[in-house]
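Form predicted on its own, single chain, as structure tokens, below.
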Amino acid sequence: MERKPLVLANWKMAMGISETISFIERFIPLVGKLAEEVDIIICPPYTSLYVAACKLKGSPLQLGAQNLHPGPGLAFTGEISASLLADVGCRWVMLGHWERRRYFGETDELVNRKVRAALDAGLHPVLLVGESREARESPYDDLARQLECILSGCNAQEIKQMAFVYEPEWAIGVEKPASGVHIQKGCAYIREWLNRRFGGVGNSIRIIYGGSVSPESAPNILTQPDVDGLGTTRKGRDPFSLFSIVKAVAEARVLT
């Protein structure tokens, strides 16, 4: 089944307003028509969401947020709701990143609540799943546990609105990504699990890899049949590096 390739740029706590404007003004003409062949999601920090939405208007690039508070209610100082993200122009929202788990104690149960809040607000969840550092050699129990919990209460139609990032904890912020073989096994397991749990829906879901991705490592990762694209952070903040990654994703799809 043909799945449109996907590239996700998570800027984390970088890229202020002027940097966001500069990036988008340089990147859109650079990527050109490739943005019609590959879905590109830009996830700036909250303070740059509005200006990013304005600069992306009329382009094929899509806006995403890095997190949300599940609510309900308004009395959560310092948090941001799904409805506010939708209002500013977000179409996607990242949920379940290992940094949220590691530094802020987020659980699978909390991620599940965020999934429901995102869907109820009309946002598309980008779900990040991957084994812990301790489970590096035997990741599948970790993956199954995460998927079962964070997708609890979801149906097949809702799963079709999502994308998944396979991002092992031990591959974040290191020099090199996981091996192609490891990445393929992880992405294939997620797809097979979705197929078993939701009646074959996994064949139509985009599953990408994230974790220390660079333009140099991208072509090898993209030879894996169950990898539908890439997620990037550091290299996603430079328009030329992100263009190189998008180009590699587009070329890999042509070759397959």
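Throughout, we count residues from 1 along the sequence that is shown. It should be emphasised that the depicted structure is a prediction, and the values quoted were computed from it without experimental measurement.
Another form, the form predicted together with 2-phosphoglycolic acid (PGA), is not on view; read the next lines as being about it.
Think of it this way: in the predicted bound form, 2-phosphoglycolic acid (PGA) has a heavy atom of just one of Ala135, Ile159, Ile172, Leu110 within 4.5 Å, and the residue is Ile172. 2-phosphoglycolic acid (PGA) in the predicted bound form is approached by Thr232, whose closest heavy atom lies within 4.5 angstroms of it. Shown alone here, Asp142 lies farther than 4.5 Å from 2-phosphoglycolic acid (PGA) in the predicted bound form, counting heavy atoms only. Within 4.5 Å of any heavy atom of 2-phosphoglycolic acid (PGA) in the predicted bound form lies no heavy atom of Lys114. In the predicted bound form, 2-phosphoglycolic acid (PGA) sits beyond 4.5 Å of every heavy atom of Ser217. Residues with any non-hydrogen atom within 4.5 angstroms of 2-phosphoglycolic acid (PGA) in the predicted bound form fall in just one of 206-214, 187-195, 66-74, 40-48: 206-214. Residues His97, Glu99 are the ones in 93-109 with at least one heavy atom within 4.5 Å of 2-phosphoglycolic acid (PGA) in the predicted bound form, listed in sequence order.
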